[in-house]
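One chain comes next, on its own, written out as structure tokens in the form predicted on its own.
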Amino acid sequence: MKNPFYINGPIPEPYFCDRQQETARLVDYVQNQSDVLLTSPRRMGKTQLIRHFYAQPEIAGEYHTFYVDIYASTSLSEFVMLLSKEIYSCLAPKGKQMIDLFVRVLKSLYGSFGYDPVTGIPTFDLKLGDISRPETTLEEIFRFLEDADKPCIVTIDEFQQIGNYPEKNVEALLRTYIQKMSNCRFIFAGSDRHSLENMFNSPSKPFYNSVSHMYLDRINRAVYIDFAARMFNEGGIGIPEALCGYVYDLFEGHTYYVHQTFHDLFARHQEPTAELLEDTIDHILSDREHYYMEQMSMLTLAQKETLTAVAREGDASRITSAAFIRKHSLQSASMVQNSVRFLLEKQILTYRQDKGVKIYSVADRFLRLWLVKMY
């Protein structure tokens, strides 16, 4: 049997765990002409949810669907390049008619289009330097989406990144185009919940009150345990439900880390035991050790000490209190504040609010285990 715990690419329906309610909500929002802000902690499964949503029969046959991740982008030109390439790559398999329309509309990028001399298949060789007028090209892209033969859905992941572009009018520019569109719905997704909610909830921001809000939380514990046990049993490998629960609790239900651990445990093709599970996790941490050591080498001593203190706590609150500083032998409250600010900016730490109190944790759950083990 193939490993049922998919960690790359689209997940086939029988191996997709839960998310029925979230999928149905997205379908309902889009069919009722609502744009959506989808937020969640990192590695909670946003991308896989979007892929699953796109594969639903109400969506797959009725809409053109596009997904672009702009996390690594640094300018409006790069945003436009990524969006153009995504649209072209999704349209290319659908026939010459849509590609021809795309070519006709994107006049500012005309030189990037061509045809293979042997196969006659359209080609699109776009480089960042080819985008000399990003605002013009962006306008052309939105015109194409508005005139497409079917309604479109565009997901822009890590949307908060546009706030870091050197161009200062990107939010207003996008909002100007998007609010006029009737043939395209947008899903703005990301893990920096604070930045995104500021973008969409602040009256001074262009996107204020323009979306339906959706928060992707962890999969229900009982549901996940039942799913994992069933996948192992169908693969001919029995697993105690208590062990499934231990994995879920160890990573606090964060989808990626739970799924990765079950994937690697299933790949051992042995009866799962506590000892085999610990060995499997050790292998995962060992595979990531070089990357984690590089990550630590770029931190100051104060930042490293603060990060390690949070890792030891698991969930850390009141981190500038005298008790927390004394417990972890930290230097001062101001040192902790400065370190936490940097670690949050780099998304190495994350936090949630609980009754007005900020609860900090290490964003990468494998990194947390590695820090506790190493320090």
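Residue numbers here begin at 1 and follow the sequence given. Note that the coordinates shown come from a computational prediction; the quantities given were computed from them, not determined experimentally.
The same protein has a further form, the form predicted in complex with a small molecule, not shown here; the description that follows concerns it.
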property: Heavy atom of residue 25 within 4.5 Å of the small molecule in the predicted bound form; result: no
property: Interface membership of residue 185, the small molecule in the predicted bound form, 4.5 Å heavy atom rule; result: no
property: Residue 113, heavy atom within 4.5 angstroms of the small molecule in the predicted bound form; result: no
property: Contact label in the predicted bound form: residue 362 to the small molecule, heavy atom within 4.5 Å; result: no
property: One residue of 308, 48, 56, 350 in contact with the small molecule, assessed in the predicted bound form (non-hydrogen atom, 4.5 angstroms); result: 48
property: Answer range among 299-307, 250-258, 79-87, 144-152 for contact with the small molecule, defined in the predicted bound form as heavy atoms within 4.5 Å; result: 250-258
